[in-house]
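First, one chain by itself in structure tokens, the form predicted alone.
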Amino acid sequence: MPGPNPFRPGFGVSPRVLAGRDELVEEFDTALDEGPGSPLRSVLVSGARGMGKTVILNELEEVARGRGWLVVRLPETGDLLEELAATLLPRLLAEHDSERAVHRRVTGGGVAGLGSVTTTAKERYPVRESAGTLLERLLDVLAAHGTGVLFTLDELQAVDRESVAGFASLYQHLVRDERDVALAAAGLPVGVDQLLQHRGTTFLRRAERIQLAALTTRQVVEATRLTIEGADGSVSEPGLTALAEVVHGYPYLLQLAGYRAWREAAGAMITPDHARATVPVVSERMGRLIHDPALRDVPEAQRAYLAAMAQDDGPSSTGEVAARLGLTAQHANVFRTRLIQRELIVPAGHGSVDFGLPYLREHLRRQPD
């Protein structure tokens, strides 16, 4: 009898079987071995929504923890250096720098019945230490154990640019001093590109840029098979092929379609019928969780271009789209270029474009006129 549903379609939740990203994880693991200076110690992961960016960060964090490294998840809001100095680093030092923690308790605490025994000048005239000073101390403690600190930052495109620039400067100095630090950040391609144009993020441009591509059909099939069989379930070969057609190479859809197909089968072997039955739910969920956020900041003129494309069942002729909108080819090409930059559409041969996100055509067709 099959066990519980093994697919995990929640955003940012690591799947039981990681599809098609093993090489990146292994290279990062090697980079921690190679020491300061290894290029894969600083990585920027970019990709469309649903391509598994957060899952990659989760996996890299697990690699670091497995080697005894500390992982610091940088906040997506607020001042990064302020958060490090005020909260994140003091907490880690209190936990790992036992000698200084004991010293602080003796010199800065109180003894019942005797009152305070604080006599040091440091407590009389407290000086707030910077994030850099605290981090240097933490790295000194970790160096004794041959480990370091991995910083991770998700939704990079949403973080204040000045804040990122301040952190980048601190991180750059640590790298130059050959300290054991690593950085893994992830975000949407357009947002990451815009961030890297900031004058203060020059150093981050030298990080390894990883663009997450769609999974191959073979990768989808193999990951789906391993996930199902790992939970004592069964799936026919045609069923695997049908699921791969539903997934379109998207890791999130692999989990969502697999989850729904497992429920449709209700303990029986998963067949093409079970796979195809997932399409309405998959399309609706993609529209709500992927397409709506992706379209939120798209100007009205560019949305009109997408709506004109949605009239076609396959790739659209750029000339016909321009004619539908009553635009010159040159004018329409401006919208085409912007939408390609947003990765909402992709070139599909000479004079043609197609949607870059699965089920976006269907989502646009469901919108009221």
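Numbering starts at 1 and follows the sequence shown. Just so we're clear, the structure is a prediction, and the values are computed from it rather than from any experiment.
Heads up, the form predicted in complex with a small molecule isn't pictured, but that's what we're talking about next.
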Heavy atom within 4.5 Å of the small molecule in the predicted bound form - residue from Tyr259, Tyr252, Phe151, Phe167: Tyr252
Using a 4.5 Å heavy atom cut-off, indicate which stretch of 32 to 40, 302 to 310, 53 to 61, 329 to 337 touches the small molecule in the predicted bound form. 53 to 61
Do heavy atoms from each of Phe11, Arg21 and Arg49 fall within 4.5 Å of the small molecule in the predicted bound form? yes
I'd like to know whether Val17 contacts the small molecule in the predicted bound form, with contact meaning heavy atoms within 4.5 angstroms. yes
